[in-house]
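Before any questions on how it binds or moves, here is one chain, the form predicted alone, in structure tokens.
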Amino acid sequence: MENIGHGGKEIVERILPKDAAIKRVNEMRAAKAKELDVRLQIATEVIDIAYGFFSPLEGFMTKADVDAVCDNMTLADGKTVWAIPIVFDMSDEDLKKSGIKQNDEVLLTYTSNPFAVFEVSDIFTLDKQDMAQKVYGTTDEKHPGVKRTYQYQDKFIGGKITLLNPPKINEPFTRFWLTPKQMRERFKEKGWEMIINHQTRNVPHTGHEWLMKGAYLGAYGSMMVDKPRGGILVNAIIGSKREGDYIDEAIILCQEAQGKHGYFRDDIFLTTCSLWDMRYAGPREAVFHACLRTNLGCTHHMFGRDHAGVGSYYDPYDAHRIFDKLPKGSLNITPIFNLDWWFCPVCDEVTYMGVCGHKDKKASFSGTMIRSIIQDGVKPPRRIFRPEVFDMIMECAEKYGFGDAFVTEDYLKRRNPVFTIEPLK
């Protein structure tokens, strides 16, 4: 087997060739198969399932899988680690109107174009409050993941997915979106044996830069240095947005700028993106990220302070400790745990919490400080932002953010979609 992903399973793309897909759509419509137009959240996860980002999942979870994920952080087989439910929800009213039943094959559409076949194997209900408590550790609807859970409809449908109509990834994301199989091919081309993933939903300041460099130096220490044998994969998360988040275009283009301008050598640095709506599940999302990046072909994954957290729902290092609770050998990726990086005026450099002895003098890279710098639009010292990165933030604000590097209501209404599904013909 090649392309072994999470759980020791081969990554299989569940996608029909174009001619076969057109034939399948015509057959389903001739047989008056049920059709269902899906929203962006569902369409995103159909794509992730079909290309193997979520391997070994072959479709949306059944109740047995959801219960196992919530209760034991595994799939229903009891051994494959999985931390966040991947579900297809539908209102009771719409379910009755559609007439969808167990064992049906449903033609899914997106923006009214044929999209995927959904083989319905289970229809069920869930206790959304119980699911929120088990996945997020809270039932507070101010938590964005809990809010998303409470917004699910009454019924859930499980079953396998087959993609009929691949997405057209729109600019500027086109060159950054690689499937798991394409990602692994790129690693082979670069000669990388070790791939350290950097998970991000932010534009990079120098603290992020040194987080990556520190993880790279630590992991690379055991390898021969006669030639580059490994690199850093920046895999930016592109998905649904809240007002105040960084705009997607700034995230991906500013990450790329670090390599383009030499802060990382080209032969040890690669910027890509994955489609995922952040759940802000803290420790559980850290485990999910490890599974996702295993499927991308990564050997290591860095986890910093407050990884995938939000507000004060989690301790800053809960996302580190959760890996101690997983059965040995259940993940085929090595976590790299990082403390804070900050600027120390005494050391006169960006330095590491585990090394610097001037904690009382530190200048942390707080979100509030970084945001105020960007909003002021005045180029800061290069010890905070590399000048080329800051210039790119400002350029993205004008070109993509309608004058703002952060998500606004205007951006949400007017932005170009990350992907489109075109007519199948």
Partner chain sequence: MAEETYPINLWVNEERLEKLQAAGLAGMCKEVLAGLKVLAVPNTAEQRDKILKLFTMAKFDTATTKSIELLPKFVKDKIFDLVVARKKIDVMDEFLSKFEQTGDAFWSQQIA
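Think of the rigid core as the biggest set of C-alphas that the two forms share within 1.5 Å after superposition. Note that the coordinates shown come from a computational prediction; the quantities given were computed from them, not determined experimentally. Positions refer to the first chain, counted from 1.
There is another form of the same protein, the form predicted in complex with the partner chain; it is not shown, and what comes next is about it.
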> For the chain shown here without its partner, which stretch in 49-57, 362-370, 62-70, 31-39 has non-hydrogen atoms within 4.5 angstroms of the partner chain in the model of the complex?
Replying inline: 362-370
> Counting only non-hydrogen atoms and a 4.5 angstroms cut-off, does Asn26 reach the partner chain in the model of the complex?
Replying inline: no
> Is there a heavy atom of Trp210 no more than 4.5 Å from a heavy atom of the partner chain in the model of the complex?
Replying inline: no
> Though only this chain appears here, would Pro381 touch the partner chain in the model of the complex if you measure heavy atom gaps against 4.5 Å?
Replying inline: yes
> Is there a non-hydrogen atom of Gly357 within 4.5 angstroms of a non-hydrogen atom of the partner chain in the model of the complex?
Replying inline: no
> Since exactly one of Phe343, Phe187, Phe176, Phe303 fits, which has a heavy atom within 4.5 Å of the partner chain in the model of the complex?
Replying inline: Phe343
> Hey, does Asn26 budge by 2 Å or more at the Cα between the shown form and the other one once the core is superposed?
Replying inline: no
